[in-house]
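Given as structure tokens, the chain that follows is alone and in the form predicted on its own.
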């Protein structure tokens, strides 16, 4: 990831040419912004097509025009209302088996190192790994599965760029959150995530929890909204996030009386969720159960992409230019 200093030096090439690289309606001088935080950007569209007030009508129009199928239209309608999709049996079992074996082999070879991340006495499973797709082509290929990208392209209304992966044997036990504060875009909303099940998930394994319709009922809550000052995260780290952000999300969930649903899929099922859908990892009731899964994050090509908490650009910015990751 580039530092702010290097971005300032290199992004000057973009200042007079914003529209060549980005699709935001309101061009910005990234050099002048400094820290990339939501409160440093002006309000700007375009909003994702399925987030707009006329989204349901737009789906009907595209269906009538024949540019989307009836099945696609149904996916879009659920996305508009609920903020998530569950696609059953999307990934072939033999592909999942080969991909997981490649991951386990990399662990045995020492190419992938996992911290314990113990959830209690006798926890038999290691922690998660961030971005294994960077080292392992099999995981990168699964992240870019053609059917997955067809769905994300449909939901974005734009070309998808695969960004981040997280792979693991067990639940994250992460408190409810929206991905927007971690992987932010200008304009807002151009992130999609999914969760790929490598096995049938037991209800006691700490399944993913998610809050339907929270993407619309809760505002985008970024650092400035919850009183995290510029550079404060760099100085205090995630203790500040735990103190300010997580309780705020909890208050909103309680105010709207939102209750979680739990994703207990069969092997090969995939859950897709909206950039602002609140979700987390539920507590493991039985540490003996694994929860083997891959989480993937995707941006829309042409969005400014950054980490709102730290103010840093994402690694999709190379040498001051917006680029897609290299396919290898």
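Residue numbers count along the first chain shown, from 1. None of the values given here were measured: they were computed from a predicted structure.
The following text describes the form predicted in complex with a small molecule, which does not appear among the structures shown.
K.L.:
Taking the partner as it appears in the predicted bound form, which of 29-37, 293-301, 264-272, 47-55 has residues with heavy atoms within 4.5 Å of the small molecule?
P.N.:
It is 293-301 that comes within 4.5 Å of the partner.
K.L.:
Just to confirm, with a 4.5 Å cut-off on non-hydrogen atoms, which of 179, 225, 82, 72 contacts the small molecule in the predicted bound form?
P.N.:
Of 179, 225, 82, 72, the residue with a heavy atom within 4.5 Å of the small molecule in the predicted bound form is 179.
K.L.:
Go through 242, 174, 78, 248 and name the one with a heavy atom inside 4.5 Å of the small molecule in the predicted bound form.
P.N.:
Only one option qualifies, and that one is 174.
K.L.:
I'd like to check something about residue 202: if you look in the predicted bound form, is any of its heavy atoms closer than or equal to 4.5 Å to a heavy atom of the small molecule?
P.N.:
No, no contact at 4.5 Å.
K.L.:
Spell out, yes or no, whether the shortest heavy atom distance between residue 151 and the small molecule in the predicted bound form is within 4.5 Å.
P.N.:
Taking the distances in the predicted bound form, the answer for residue 151 is no, it never comes within 4.5 Å of the small molecule.
K.L.:
At the 4.5 Å heavy atom threshold, is residue 155 in contact with the small molecule in the predicted bound form?
P.N.:
No.
K.L.:
Would residue 128 count as touching the small molecule in the predicted bound form under a 4.5 Å heavy atom rule?
P.N.:
Result yes; residue 128 sits at the interface with the small molecule in the predicted bound form.
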